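The chain below stands alone and is given as structure tokens, in the form predicted alone.
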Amino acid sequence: MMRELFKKLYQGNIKELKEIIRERLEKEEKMFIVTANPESFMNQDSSFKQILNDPSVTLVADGISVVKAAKSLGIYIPERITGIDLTQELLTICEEKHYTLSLLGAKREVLEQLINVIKEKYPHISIGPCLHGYTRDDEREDFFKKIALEKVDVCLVALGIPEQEKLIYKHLNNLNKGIFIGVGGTFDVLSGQKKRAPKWMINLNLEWLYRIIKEPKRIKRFWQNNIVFLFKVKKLKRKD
């Protein structure tokens, strides 16, 4: 199962993916992107696994561990594509073409701050329906009904893996167009509530270390996902 997911990973760079997204938007087509990190590969939720294996879902490598693991299995991924980097590319496209953007997730004050940041930095983006993450199921249902009715171009959902992907997937068949992506903690960073790692750490693929330094409680989660993930990949490699 894990080997098949590696084969399914998008094997281009972020610039090439940006052009694919741009084309899908111009054609008013639908695209669901999942940024997969080791936690995604290790998740045992059966409905989430179904999403990852769906041929219509675009799976990109979010994390240097995934890139290196794929390489060890003979699958070349040119670079990692993080949720925050992809979000910034999407915002650029939306600004250029005056597309409509909807946001779901994070705390109310974080979401409001992010909307203000987007309005200031990207004045030509049309802000569609938005909803913070601390909401009831019926409110989320209404949110997706609204974006379907308003034919929103890009929808970013920041609820964490796998909740964000499961929510998008649940409503995907009722949506005729748009780019949909789960972006985890991206709203916190882009709103200015949290700082991203320094540029030199990003360039050295050390963002994971920066997060652990800032939030030591993450180390248990890091061990359970990243380290165990690498051991599983080694087992796969030995089977070759």
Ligand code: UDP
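Position 1 is the first residue in the sequence shown; the rest follow in order. Being a predicted model, the structure only gives us computed values, none of them experimental.
Missing here is the form predicted in complex with this ligand; even so, the following discussion is about that form.
- Taken together, Y134, L159 and D188 are fully in contact with this ligand in the predicted bound form: each brings a heavy atom within 4.5 Å.
- Although the partner is absent from this view, K232 stays clear of this ligand in the predicted bound form, with no non-hydrogen atom inside 4.5 angstroms.
- In the predicted bound form, this ligand lies within 4.5 Å of some heavy atom of R211.
- This ligand in the predicted bound form comes within 4.5 Å of a heavy atom belonging to K107.
- Contact with this ligand, judged by heavy atoms within 4.5 Å in the predicted bound form, is confined among 160 to 168, 143 to 151, 95 to 103, 120 to 128 to 160 to 168.
- Annotation for 189 to 227: interface residues with this ligand in the predicted bound form are R211, R218, R221 [heavy atom within 4.5 Å].
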